[in-house]
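Before any questions on binding or motion, here is one chain by itself as structure tokens, the form predicted on its own.
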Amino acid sequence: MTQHNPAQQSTSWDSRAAAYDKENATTSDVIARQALSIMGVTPGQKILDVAAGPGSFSILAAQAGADVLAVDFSQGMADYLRDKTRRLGVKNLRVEVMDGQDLKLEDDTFDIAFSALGIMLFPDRAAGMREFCRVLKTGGLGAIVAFTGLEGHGIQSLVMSALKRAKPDFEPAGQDPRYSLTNPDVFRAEMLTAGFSSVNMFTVRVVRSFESPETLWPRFAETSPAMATVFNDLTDSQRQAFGDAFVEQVRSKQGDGPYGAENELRIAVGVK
């Protein structure tokens, strides 16, 4: 698959599974529960989770009695989810390494498909959406989750501001794929083109809490391939200036805590 951005490279995620799961557990859990509620998951349904990552949705769906297949293009993520599944004693959940743009699965197989913050990253998003719809049964439901924009992505907004202060000439390298589905009309149109007969949109806001800005910012590179690339391009003094600016922004608004940042996400649910 053509790869243009660190977040679109499977090896970028292989070593980040545990850290990503820990840092994003609250957001992932809220989104998964909202999607489960909207789609009405019931025992015995066949469910596919595309770009499953640490598997919040997959685990909850399996615990609800569904028969779940979780796929991710990262071997490290898949291994992490298999181990997590064993540790939690979750049944009815298989994990496979698979490219969401070319699913090695039969047509009309699943009752429900889900993808949180995954399809938005695909280099060939149209192929990913077609595959996502293709494997659903007629009348099946497909839910895709994406950010509504940088302004609704609390932590990232602070990151961009701090980067500008640390390195005034900083410019992102190309379009950030995390914000490829921010326009709801485009989002809906792409799903309809992929084969869905109708699409409804739901907006969800989640507070991501953290213990302190001082301990949060050094971990960005552990969970984000894009931030790892940015940090590698900064000098030591610029990296420290970034941290100082990030801490100053958070503390100027939230003082001595508690600390949190809001994330706004959109769940698009299509009917095949």
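On a predicted model such as this, the values are computed, not experimentally measured, just so you know. One-based numbering along the sequence shown.
Omitted from view is the form predicted in complex with a small molecule, to which the following refers.
Note on contacts: among Met98, Ala166, Val95, Val159, the single residue with a heavy atom within 4.5 Å of the small molecule in the predicted bound form is Met98. Among the residues Ala116, Leu136, Leu81, Met191, the one placing a heavy atom within 4.5 Å of the small molecule in the predicted bound form is Ala116. The small molecule in the predicted bound form is approached by Ala52, whose closest heavy atom lies within 4.5 angstroms of it. Of the heavy atoms in Met77, some are within 4.5 Å of the small molecule in the predicted bound form. Taking the partner from elsewhere, Leu121 is found to have a heavy atom lying within 4.5 Å of the small molecule in the predicted bound form. Taking the partner from elsewhere, Ser28 is found to have a heavy atom lying within 4.5 Å of the small molecule in the predicted bound form. This chain is displayed without the small molecule, yet in the predicted bound form the stretch 66-74 from 234-242, 66-74, 37-45, 205-213 comes within 4.5 Å of it by heavy atoms.
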